[in-house]
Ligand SMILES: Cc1ncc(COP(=O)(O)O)c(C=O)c1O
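Single chain ahead, by itself, as structure tokens, in the form predicted on its own.
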């Protein structure tokens, strides 16, 4: 019964709520039936007393680390009342996030549009379309954010906005997030608490989740974030300027950004390491030679930073472990990072970085190209 003079606005819709309930259950079921990703050991000389591990995120159903983020963003949107039956879902993405989001959108029967730079690899575009998504290209990479916002408003849809919501959509305290998984899988290793965890910035969600979890569980582990050329995270971290921009698109898809993204939380990062693009690609190819696993460029960036930290530990006589991420598979980059013609066309010479990697794995000496 309404109180006289009051205003009673009831927006409840049982049918809408029932659809959301079913959608959440479908997404949760997908997580439940997907086994956790593996923690792989990289073959360092045993006499060093240092162990290096790669969390292989390429084994997710959509083949990359971004599968976790896409699941979290969909759950966040569903439980916040922003996604319901028939909602067109829009994202600004350079590729891997959009692939994973297209997967979840199709699972829920929702239209999906990915706004991305025209330079995105053909392999990633094909995977988005394979999962039922539509690609909308822009010539100027920094324009993807506003274009995605405009498209979502135009069709009455929902802009997932990974670069704003990545750090809050994931439960950083646990609930089978990537940080909890890493530390549980490390439990029986000879150095179960890593000296360092090394990740790229990207949206900022992974570094925020891991950094917060480390502090919440009171581990002494330090978090290092690696950043490729032309990315704004390292200069922004160094200067303290959250508005730092480069105006240039990074060649390393998935982690390099032309601006400091809203989801990046610099206060939980212990150290940032800049990595030249040639070093990222040389390390990516080195991983394939050393382990038989082909990964993408962001994994190469991670590995270069991890090797630098292992070399520091070795020089200081510190034993222990380092963990980094294998972000996605190399099949997405057959025509770019694994193509000698493409690399040459970019003006990159991988030989000096490759020599650094050979010297490191043979002697432990770290002498990156000047």
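Every value quoted in this text rests on a predicted model; they were computed, and no experiment measured them. Positions refer to the first chain, counted from 1.
Here the subject shifts to the form predicted together with the named molecule, a form of this protein not shown in this document.
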Residue stretch of 151 to 159, 125 to 133, 111 to 119, 254 to 262 approaching the named molecule in the model of the complex, non-hydrogen atom distance within 4.5 Å: 254 to 262
The single option of 194, 204, 141, 211 touching the named molecule in the model of the complex, heavy atom within 4.5 Å: 204
Residue contact check: residue 67 to the named molecule in the model of the complex, 4.5 Å heavy atom: no
Residue 100: touches the named molecule in the model of the complex, heavy atom cutoff 4.5 angstroms: no
The named molecule contact in the model of the complex: residue 300, any heavy atom under 4.5 Å: no
Partner proximity in the model of the complex: residue 307 to the named molecule, non-hydrogen atom cutoff 4.5 Å: no
Residues within stretch 331 to 357 having a non-hydrogen atom within 4.5 Å of the named molecule in the model of the complex: 333
